[in-house]
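Given next, in C-alpha cells, is a single chain: the form predicted alone.
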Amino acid sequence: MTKQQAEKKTVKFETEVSKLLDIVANSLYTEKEIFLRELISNSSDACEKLRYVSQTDSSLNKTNQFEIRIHIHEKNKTITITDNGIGMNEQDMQSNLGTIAKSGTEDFIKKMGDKKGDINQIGKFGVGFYSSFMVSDQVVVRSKKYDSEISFLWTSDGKGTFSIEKTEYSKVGTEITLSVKKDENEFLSKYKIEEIVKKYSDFVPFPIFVSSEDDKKEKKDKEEKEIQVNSAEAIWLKEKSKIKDEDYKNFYNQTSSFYDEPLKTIHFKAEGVVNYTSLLFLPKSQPQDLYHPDRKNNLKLYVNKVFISDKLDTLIPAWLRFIPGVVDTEDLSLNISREILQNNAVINKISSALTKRVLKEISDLKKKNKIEFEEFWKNFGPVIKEGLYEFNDFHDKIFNFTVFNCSENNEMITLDDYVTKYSNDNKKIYYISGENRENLMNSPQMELFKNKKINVLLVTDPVDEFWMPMKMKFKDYEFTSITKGEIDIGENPKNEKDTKESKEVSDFIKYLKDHLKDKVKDVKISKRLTKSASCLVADENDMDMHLKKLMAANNQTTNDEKRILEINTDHSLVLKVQSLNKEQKDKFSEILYDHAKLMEGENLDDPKKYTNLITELVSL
C-alpha cells in the first residue's frame, strides 16, 4: 500500500444525501442536458475567481487566457470538462463537493468582501454540480488550487459517500470526468454537446472549446486553429454607445424568426428591488404562428449570461408574445426549476416592469411615427387587445394607444378621441361589430346614427367583442352595442302618428309577434331604421349577434336565443304587408323576417320561396 493510498479518505456526505441527490438528479431540473450548463457555469466561476484574485494579489502570475474545454471520449464513454480557474484543495473539495446546498461561490464572495459588480459569479446555491449524476454513474474531479503545490482527486458515485486523495495533476484548475450512463449515449456526440453549449452557455465570458477522440484522428494539420463554440460576449451587457445598429439587427435575427430589421430596439438596465438587463425588440412583421394556440412568448431568460429558459409563460404576458429578446438577471438561482419560476416573485416583478416599458414604447411610437404605428397596429393590435380581456393592471396603458375605425372619420381614433371629439349627452361609446368597415357602414342598424352624425366605433377584431361587454366603461362612458337592446339617443326619431294609424301599427305588431313567435323573440317598431324595412337585434341581456356567430363558427356552444325583429313602419314594404288581408298576411309576413336575415348577410332557409313571394307581392 502506497503512502498516497493510505491517505485516501472515504467520507459520507454531510446531509441526507440519498434523498437530496435523488431530488437534484431526478426532480430539480426539467431537462437532463442542464448538467452541462451547470458544470460550465462552475468552471466559469472558477476562472472568474482566479481572475479577481490575480488582480488583487501582485505576487501571482496572471493567466493569459482563461478557458473551458470539453472533451468527449465515445469509446470510454466519458465527458471531461476542464478549466484553468482557481482550483480546489482538499478542504475546498470536502466543503464544496461534499455538502449539498453549500455554495462555495457565496462563501468566496463573503471572504473576499466583494463590492457588488467587482466579481461576476453565477452559482448561488451549490447544487448544480450534482446534476452530473443525471447522466453519469461516477464523477471524478481532479484539481489543483492556485496557491498550492498539492493536487487532489475527488470521486463519487452519488450514492452516499465520496473519497478524496492526493493525485498527480500539474495544472492549476479543475478537471471533471463523467462516466456516462448506458442509456445517456446521446451526450457522447460532439454535435450534441456543441448544441447544448450554444443553447445555454453561449454568452459565458470565457471561451469554450469542444473536442473528441475522432478530432484527433481526423486532424491533419497540427497547427489548425481551434474553433471557439460560444460567442462569449453578451451584447445586452455592453454599453449602448458601443453597439452598432447592425449588431442589434444581427442579434434580433439570431434570437427571433425574423430576418428583417426590428421596428424598434428596447435596451435598458433596471436597478433597485430587482436587478436585470433587458434587450427587447418590436418586430415589423407577424410571425406565422402568432395566433397558434400553442404559441408561447419569445423571450429568453438568462441568469448572469447563462440561459435558463425560453418557455417561461410568466416572463411577459401572452398578449405580448410577439416580442423577441432577452432578459438577464442576477437575482435568481441557476438551479431554480421552470415550475418554481412560474410563480416566482422576482419573475413577477420583472414581468410587470417589462410590460410597462413595452407599452410605453408602443405609446411613444404612436405619438412620433403615425405611419409606422398604423402598420404595427395592423399586425399586432388584435393580440395586444387580448390584454383588455384579461384581469390586469394595464388596461389604461393599453387604451393610451388602442385605435378603432369609426363611422364619422376615415382615420382610426382612440377612445380618448371619441369621448373628447364625439361626445354625446348619453355618455355612451356606441359600437357595431362585424367583418369589415364597408359591411358595417351599410348595416341597417347604422342608419339612424349616420343620419344624426353620431359616431360609432366599427369593431372588426373579434377580440373586441369579448372585452367590450366585460369592460363596460371607459372613463364615464359606457360601451353600447347598437345591435343589441333598445337604442336611446335622447330624442324620438319618429314623428308622432295619429291615433288611428297608431292603432293599425299596434295591431300589426301584435299580429307579427304571434305569427313569427317560432322565429323571433319579439317584434318592435324600430328607432334604428330610416331606410331599410326591417332588421334583427339581440335582446338587452343576450349575446351580441356577431359574437354569437363567431362562437358558432368556432364550434363553441351558445344559448339558442331568438332575436328581436324590428320593423320600419314608414317603409313601403312594411306598409304593403300591413295593408294585406289576414290570408295574405299569413303568406307574406315572413318576407320581413327573411329581409332582415339578408341584411345581416345570413343564408335563408328557402331563398327561392323568398324570391317568388317578393315577385308575387309586387304584383298585388
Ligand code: ADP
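If you're wondering where the values come from, they're calculated on a predicted model, not measured in any experiment. Definition used throughout: the rigid core is the maximal C-alpha set that superposes within 1.5 Å between two forms. Start at 1 and count along the sequence shown; that's the residue number.
The same protein has a further form, the form predicted in complex with the ligand, not shown here; the description that follows concerns it.
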Would you check, heavy atoms only and a 4.5 Å threshold, whether residue 97 touches the ligand in the model of the complex? yes
Does any part of residue 568 reach within 4.5 Å of the ligand in the model of the complex? Heavy atoms only, please. no
Against the ligand in the model of the complex, would residue 320 count as a contact residue? Criterion: heavy atoms within 4.5 Å. no
Using heavy atoms and a 4.5 Å limit, would one call residue 444 a contact residue for the ligand in the model of the complex? no
Name the residue from 474, 129, 466, 511 that puts a heavy atom within 4.5 Å of the ligand in the model of the complex. 129
Contacting member of 577, 70, 36, 46, with respect to the ligand in the model of the complex [4.5 Å, heavy atom]: 46
Among the candidate stretches 478-486, 84-92, 70-78, 162-170, which one is within 4.5 Å of the ligand in the model of the complex when only heavy atoms are counted? 84-92
Once everything's superposed on the core, is residue 568 shifted 2 Å or more at the Cα between this form and the one not shown? no
Once you line up the core, how about residue 365: does its CA shift reach 2 Å between this form and the one not shown? no
Since the Cα-Cα distance for residue 277 and residue 36 shifts by 3 angstroms or more in the model of the complex, is it a contraction (closer) or an expansion (farther)? farther
Any idea whether residue 325 and residue 44 get closer or farther by CA distance in the model of the complex, knowing it moves 3 angstroms or more? closer
